[in-house]
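Heads up, the chain below is alone and in the form predicted alone; it's given as structure tokens.
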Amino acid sequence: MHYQQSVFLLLLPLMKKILVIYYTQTGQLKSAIDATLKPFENDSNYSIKYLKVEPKVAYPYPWSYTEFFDAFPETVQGVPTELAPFDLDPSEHFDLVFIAYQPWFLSICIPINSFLQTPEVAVLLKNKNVITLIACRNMWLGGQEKMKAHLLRLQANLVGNITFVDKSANLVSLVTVLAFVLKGVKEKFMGIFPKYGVSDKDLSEAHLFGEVIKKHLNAGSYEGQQAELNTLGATNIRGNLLLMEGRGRALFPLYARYITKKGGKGSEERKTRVRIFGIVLPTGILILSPIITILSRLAPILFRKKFQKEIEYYSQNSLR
């Protein structure tokens, strides 16, 4: 018995410890996490701990129209919300940390952004290797730039990024995402629109990402990992969305300030401005999408080097 215990203790240091930090309202992100980590399932060489971040006051699902757009200013401005207590020893060692999140309004969703501002995270993530995992409609570049800034501040090492997106046309996914978040309808909305979200095919192939990560984790080196992940489709960058997101990231802070001048989250004084924004945003996307789609086809021809440089930048993990 003592011999068996001694052998077990000798093997313990060889076990790779993984931490998965995530927030999900609907479960879609957790499905992407589970699909990616499938190669680690039932493997005694790995220990996986899951930490689900929860706001003290839960965000509604489905959202009401006003509640959804009222979350916009604080999301863009990075204002934290109070979180429910979480069970975590920040001094615990982990060989690899996953941070899984959804972008809200081209920024990090409020619960994960709030978590990244807690004192515990400064200890937890210092010098840790981190992989980000994103599930969203289609625009994630701005959120990931803010994530890079957080990780740089926290002295963490971003060694990988995997994105799961809805690959429908932009205007189609605009309709289906609003039906999903405001009505809770994921399957064919109005009997016309396709199912919202990450496709079953993408989830069925996500284990390939996990196999790449497992190989690099075992080797103790992440050099070349992102390039391998990208070959498998880890970073979904579409030209029209790159241009459209650039416009949004320039304008959103202005709209956020415009709303917060009338009051804080949930205040009656700002509801009119919130409702106006709730009309302006979808209308703006509707009008600009065809124009930007045309420009995105011309840009690689007219500004080939600059356009390619942008795609290459967003396909890697450093912050310019």
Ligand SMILES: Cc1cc2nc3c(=O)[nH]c(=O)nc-3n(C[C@H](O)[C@H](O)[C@H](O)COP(=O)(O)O)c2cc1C
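If you're wondering where the values come from, they're calculated on a predicted model, not measured in any experiment. Numbering starts at 1 and runs along the sequence shown.
In what follows, reference is made to the form predicted in complex with the ligand, a form of this protein that is not presented.
Within 4.5 Å of some heavy atom of the ligand in the predicted complex lies at least one heavy atom of residue 137. Taking the partner from the other structure, the ligand in the predicted complex has no heavy atom within 4.5 Å of any heavy atom of residue 50.
The ligand in the predicted complex is not approached by residue 65, whose heavy atoms all lie more than 4.5 angstroms from it. Using a 4.5 Å cutoff between non-hydrogen atoms, residue 160 does not count as a contact of the ligand in the predicted complex. For the options 237, 203, 177, 154, the residue carrying a heavy atom within 4.5 angstroms of the ligand in the predicted complex is 177. Annotated contact segment (heavy atom within 4.5 Å of the ligand in the predicted complex): 180 to 188, selected among 115 to 123, 208 to 216, 77 to 85, 180 to 188. Residues of 225 to 245 are not found to place any heavy atom within 4.5 Å of the ligand in the predicted complex.
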